[in-house]
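Single chain ahead, by itself, as structure tokens, in the form predicted on its own.
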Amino acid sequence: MKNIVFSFLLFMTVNFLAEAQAPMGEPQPNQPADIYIIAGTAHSDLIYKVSGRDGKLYQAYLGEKLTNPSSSGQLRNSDHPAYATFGTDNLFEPAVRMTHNDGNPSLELKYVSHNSEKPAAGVTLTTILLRDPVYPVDVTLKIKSYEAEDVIEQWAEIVHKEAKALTIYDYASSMLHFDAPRYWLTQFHGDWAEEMKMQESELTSGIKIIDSKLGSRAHMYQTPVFFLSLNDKSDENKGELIAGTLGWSGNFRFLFEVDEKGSLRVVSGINPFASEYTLQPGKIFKTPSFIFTYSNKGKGLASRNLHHWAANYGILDGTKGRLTLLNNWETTGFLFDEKKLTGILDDTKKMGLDLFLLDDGWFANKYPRNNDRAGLGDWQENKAKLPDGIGYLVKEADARGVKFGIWIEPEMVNPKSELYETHPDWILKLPNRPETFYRNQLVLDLTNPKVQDFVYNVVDGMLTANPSLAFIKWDCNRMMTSAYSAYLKDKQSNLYIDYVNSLYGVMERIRLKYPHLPIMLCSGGGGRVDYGALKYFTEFWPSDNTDPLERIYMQWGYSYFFPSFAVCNHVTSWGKQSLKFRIDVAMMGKMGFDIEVDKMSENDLKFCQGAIQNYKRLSDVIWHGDLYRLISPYDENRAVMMYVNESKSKALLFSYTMNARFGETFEKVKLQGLDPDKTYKVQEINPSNEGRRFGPPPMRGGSYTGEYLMKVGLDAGLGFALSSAVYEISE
């Protein structure tokens, strides 16, 4: 017995020494050479390695573009799995986990093949096929690289050929690895009317999760975006980081795991909580896209990368113009009639705006929509309010030379509605338990094809009857609670995933017939803001809170990940600030109005008309110029940012003073993004003497070199609370 033990120990020692002398990644005799797969952009590389030692796929590198990556010795010793499995030797969080027909809970993935193709100029799609050597399961990793935008999009496709359905428990879109001394996570959170609060913390040993379990309106508490800074905290212009977001309009999860060696694993995708998915043989489970950009020059560069990508690929008609609008909600609420609305059509024309948007309250007859407790789901014009129908208002708008838009919430239903009475099986609700309500409503079961047809027909019916209808605001005011699908029966854990994919299916049908109709994405404010939905929408409503002081912070937060042309900012009666301040804040994105025009003074009306003319004249710079955030409201009592067009011939500078202590002075603002050799004229637009009791008079003009503006700077804005200034900077 002693000899057997001694022989075993000797065998283990020899093998241990042999492995120690032959580090992982060093080729052994007769071992196939490692294969490197490069998914690069103009300034960054994501590199995978197929190990000749074990045939598995590893992440070898993610960072600044390498001159000759395949010959770099630094890539040899990577042991970070590209898409970690569960059930064999992985000790950390997996990317994919499943149970086979025979009850075996393990999965092993080995490299089979890869290829690259160019679906469009400047875009490369890299496909890597992985396969389990024992079970007929394939996982295909897709990496789409956008060269000029420096953005990478990742997703996975899972398929099997087992005899019966299997269950997948984890199904990440992306798994990324980092090695740095320290990691800093910037996340965004909030609630209704307080969206996009920014928070930064250091990641330490163990796991941190940012996720949602709300189903629809999934981003109500946590927003599916983040910055991950390596080594030190990043600012606008310094630091190495990635900016990441998930293109998914439902439950999401970002998982950050720091292991015992200080390496970080980031797993991004659909939240698998209560969502183990039954996958039929031959059916492809496609994860949503994880979209990220790498920057070694701070958060500003990362934002501009994402903005360029969004305009070209991420948001419907992102390179085209947008409509300015007047909404009626703040003026009328639910209480209006045709006479009142035609008067607001006149106001729309008088203001110089493009479109009138009719908000909630225009529909339902048996249970009239006079408040939020009835009518939702019954999408017929209310005869008492609109005896001549929507068509009459569309024609009246056309006669005035303005466009007409309308609000809908087609995924939802009030119990007090004909739809609820007629189709109780179309509602997500638990059997044998009381219904639970939020905003007096329930969610329709979009996994049911009949419900999908109903939602599609709500849109198609209105547009067929009114071809001139020019805009839709699509709302979704409720998360899922007590959710149960009568249609799915014994596959309830598929609900959260199938709901979102069914919503996308409806939107695909709408876009096939109405490819360029402007549609605003709204979800009780900013509860559904993501690139999974935005490929079907032209813009989004960031928050129901339109107080301009609050909006400075919100719009600042959204600007990190979404371009200005998509962020709808309306001038309303929220807040106590001056009209100028409200307009200047709204102007930093897609400006609109929701205000009682007929109660304005003549001076206020003229001020609005002039500001709208300026906005239309300069909107291309705001919507498609490069954004530079100069002074953060999180750092000072003011916020300053600017947009610069591609040729650097025109820029807009926005300066907002939120607060100022007695005697407080602000330093000059050093601009960015200009041409140092050009000479620029600086002129304040939207000037107003309203509230100018302190501080210097508005800047009426002056010429400066780009070098001076960027190295010396300007006295931008005023030194008293709730004041603002917008400067046009022209070559």
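Quantities reported herein were computed from a predicted structural model and do not represent experimental measurements. Numbering starts at 1 and runs along the sequence shown.
Heads up, the form predicted together with a small molecule isn't pictured, but that's what we're talking about next.
- For the candidate spot formed by 354, 398 and 404, no residue has a non-hydrogen atom within 4.5 angstroms of the small molecule in the model of the complex.
- Residue in contact with the small molecule in the model of the complex (any heavy atom within 4.5 Å), chosen from 150, 359, 93, 547: 359.
- Put simply, of 349, 110, 439, 509 only one has a heavy atom within 4.5 Å of the small molecule in the model of the complex, and it is 439.
- The small molecule in the model of the complex is approached by residue 475, whose closest heavy atom lies within 4.5 angstroms of it.
- Proximity of residue 522 to the small molecule in the model of the complex: non-hydrogen atoms within 4.5 Å are present.
- Although the partner is absent here, residue 329 lies within 4.5 Å of the small molecule in the model of the complex, judged by heavy atoms.
- The shortest heavy atom separation between residue 558 and the small molecule in the model of the complex exceeds 4.5 Å.
- Heavy atoms within 4.5 Å of the small molecule in the model of the complex are found in exactly one of 537-545, 200-208, 443-451, 308-316, that being 537-545.
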